[in-house]
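Just the one chain here, laid out as structure tokens, in the form predicted alone.
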Amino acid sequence: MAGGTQTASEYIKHHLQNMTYGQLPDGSWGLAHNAQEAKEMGFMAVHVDTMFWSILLGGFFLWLFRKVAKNATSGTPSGLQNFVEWVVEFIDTSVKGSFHGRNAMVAPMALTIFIWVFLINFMDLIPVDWLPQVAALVGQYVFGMDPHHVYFKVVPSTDPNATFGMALAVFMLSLYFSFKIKGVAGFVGELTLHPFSSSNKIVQLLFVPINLMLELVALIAKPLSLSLRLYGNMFAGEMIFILIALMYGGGWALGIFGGFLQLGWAIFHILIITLQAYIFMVLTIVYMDLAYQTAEEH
């Protein structure tokens, strides 16, 4: 695509646009033909590419780990079994070091988050034009669509809807266990009696609105920071890959230089995608641990 009829600006915008399904201006439902149509679809629009890759990679994770579990042997394990056992042991150690409550769900959830987010991030290492070009050909020859109107992003974590959706699920789960462990009175007390407290009842009453404001800001910041951290890092990484891809349309010398840049950034990006998956997992464990902490432990 970089060497086609698109300008650099059009090329970048095309790669940053999701395949969006929703209600079109004429009242019918279908895929948006441009960014403006996607914007006008509003809240009920669905990013088809984000949903497709998220579900596909989640299914791949479940299939792969189930296959390893079914074929696990106490004899000489395969390389894949060794890798899965190492990952499970690593996650178990991380959970034991950060979560001090008793909940059998936390470790499997941490494993799922780490592998799923890693696989989602890993899609950023696929050359930026390959899968969008395949999607354009399918849209053109199978569905009769204009290939310039076929948008296909392959990295779900570069879509804030996906990262915020995951963060919101973690946030709601931590709220549920906060209410379950501490009760309504304990949860409300946590929001109104900390961080400032006093043995004088009148002074403590004056502290209540201040504590509530500070704690609500901290509470709301949890899903925001969790989602925006992953989105920001992955979006920046994708932008660099897109900018490097533009160099292939600038002649053979610039193309060779771009190839070396792409290889170097891809090697470095392996660290980023792994680190971001790990951070998302660790923060999830920490938020669950905070849900189990009582007022005396704060």
Partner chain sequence: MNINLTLIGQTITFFLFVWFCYKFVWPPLINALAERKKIISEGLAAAERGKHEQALAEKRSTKVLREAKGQASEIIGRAEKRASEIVEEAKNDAKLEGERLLITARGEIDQEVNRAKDQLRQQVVALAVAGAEQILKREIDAEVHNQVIDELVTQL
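Residue numbers count along the first chain shown, from 1. Just so you know, these numbers come straight off a predicted model, no measurement behind them.
What comes next is about the form predicted in complex with its partner chain, which is not displayed.
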Please tell me whether any heavy atom belonging to S54 falls inside 4.5 Å of a heavy atom of its partner chain, as the geometry stands in the model of the complex.
yes
Taking the shortest heavy atom distance, is V217 within 4.5 Å of its partner chain in the model of the complex?
no
Please determine whether L224 contacts its partner chain in the model of the complex, using a 4.5 Å cut-off between heavy atoms.
no
Is F43 one of the residues lying within 4.5 Å of its partner chain in the model of the complex, judged by heavy atom distances?
yes
In terms of non-hydrogen atoms within 4.5 angstroms, which of the given stretches 184-192, 128-136, 207-215, 102-110 touches its partner chain in the model of the complex?
102-110
Among L228, M123, L173, M145, which has any heavy atom within 4.5 Å of its partner chain in the model of the complex?
L173
None of G30, G59, G232, G250 but one has a heavy atom within 4.5 Å of its partner chain in the model of the complex; the exception is G59
Of 79-97, which residues get within 4.5 Å of its partner chain in the model of the complex if you count heavy atoms?
Q81, V84, E85, V88, E89, I91, D92
